[in-house]
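Quick heads-up: it's one chain on its own, the form predicted on its own, in structure tokens.
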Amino acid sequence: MGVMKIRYQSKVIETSVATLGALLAEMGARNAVVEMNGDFIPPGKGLDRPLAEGDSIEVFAIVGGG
């Protein structure tokens, strides 16, 4: 797979990874809810979803406390 442009956290980036999980690992995002092209994905789910040119990814970190 070649390099593609996607929108990550409202910024256009270039990546060569093939899946959502690989992108999250590359960006250091852990324990997060992800919005991918308008679909919300719970933590640890959908990591095998393929990425495509123009995808839009927003990551929301889960913070514990109490």
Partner chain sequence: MDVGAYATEAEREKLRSLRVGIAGAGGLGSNCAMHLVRSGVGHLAIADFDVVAESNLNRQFFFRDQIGRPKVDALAENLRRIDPEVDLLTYRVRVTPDNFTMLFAGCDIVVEAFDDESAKRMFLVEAPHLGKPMVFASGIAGWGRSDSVRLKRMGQHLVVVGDGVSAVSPTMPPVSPRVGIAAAMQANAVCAIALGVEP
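In this text the structure is predicted, and so the values were computed from the model without any measurement. Positions refer to the first chain, counted from 1.
There is also a form predicted together with its partner chain; it is not shown, and the following applies to it.
Taking the partner from elsewhere, no residue among Glu14, Ala22 and Glu26 has a non-hydrogen atom within 4.5 angstroms of its partner chain in the model of the complex.
The closest heavy atom approach of Val59 to its partner chain in the model of the complex falls within 4.5 Å.
Contact annotation for Gly64: at least one heavy atom lies within 4.5 Å of its partner chain in the model of the complex. In the model of the complex, none of the heavy atoms of Gly46 sits within 4.5 Å of a heavy atom of its partner chain. Interface membership of Pro42, defined by any non-hydrogen atom within 4.5 Å of its partner chain in the model of the complex, is confirmed.
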